[in-house]
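Only one chain is included here, represented as structure tokens and corresponding to the form predicted alone.
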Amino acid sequence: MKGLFITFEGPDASGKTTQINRLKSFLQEQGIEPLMTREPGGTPISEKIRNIILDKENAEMLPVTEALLYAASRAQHVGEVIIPALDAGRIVISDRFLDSSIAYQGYGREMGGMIKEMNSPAVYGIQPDITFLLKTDPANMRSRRSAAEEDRMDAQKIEFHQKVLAGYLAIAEEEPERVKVIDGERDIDVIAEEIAAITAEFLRNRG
């Protein structure tokens, strides 16, 4: 791919949105206009699937249904948005990607390696160039987000979110060159500066 694919991962309420916006501003200051997107979502079809996945009224949703819906949303997103943007040389920043499914369904739902198999056709062989993993304590999640703001995934028990974090850290240990673990408990400005520095260095190395 000609472009650069950056993803942000982390537990719910880890501060991803804030840091994504900060990185966007940093790149714009360098004269670069990144393409911003998210998962599940990013296309009209994928956003409709997102609404089904995150609807708290769908409490009876089975783990395999959940995983397949994420993969279906991702397939549309990658094919319609991400690949064309990368082919055009754009920098794409996505709020979540395949690592989320591995962490949430693979580890959180204990579905294991099945998740990678499900998503193999959905990602069309691409993977992020850089992934920023914002590491935060799941126990602090509900202090950052009210019950009214919670979606179906947010509302899972704390034990589930602890498994998710363990999954993320396992991914980072397997792929340290790609996955940059960022201490998300620090000051917002400090975190943003670290992410900007890593991105800038990567861009310099890429020329």
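Just so we're clear, the structure is a prediction, and the values are computed from it rather than from any experiment. Note that residue numbering follows the sequence shown and begins at 1.
From this point on, the text means the form predicted together with thymidine-5'-phosphate, which you will not see here.
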Could you check which residue among Leu165, Met153, Leu35, Ile52 gets a heavy atom within 4.5 Å of thymidine-5'-phosphate in the model of the complex? Met153
Is Thr131 close enough to thymidine-5'-phosphate in the model of the complex to count, meaning some heavy atom within 4.5 Å? no
Residue-level contact is defined here as any heavy atom of the residue lying within 4.5 Å of thymidine-5'-phosphate in the model of the complex; does Gly42 satisfy this criterion? no
Spell out, yes or no, whether the shortest heavy atom distance between Tyr104 and thymidine-5'-phosphate in the model of the complex is within 4.5 Å. yes
So in the model of the complex, is thymidine-5'-phosphate close enough to Asp12 to count as touching (4.5 Å, heavy atoms)? yes
Taking thymidine-5'-phosphate in the model of the complex and a 4.5 Å non-hydrogen atom cutoff, the residues of 82-115 making contact are Asp95, Arg96, Phe97, Ser100, Ser101, Tyr104, Gln105
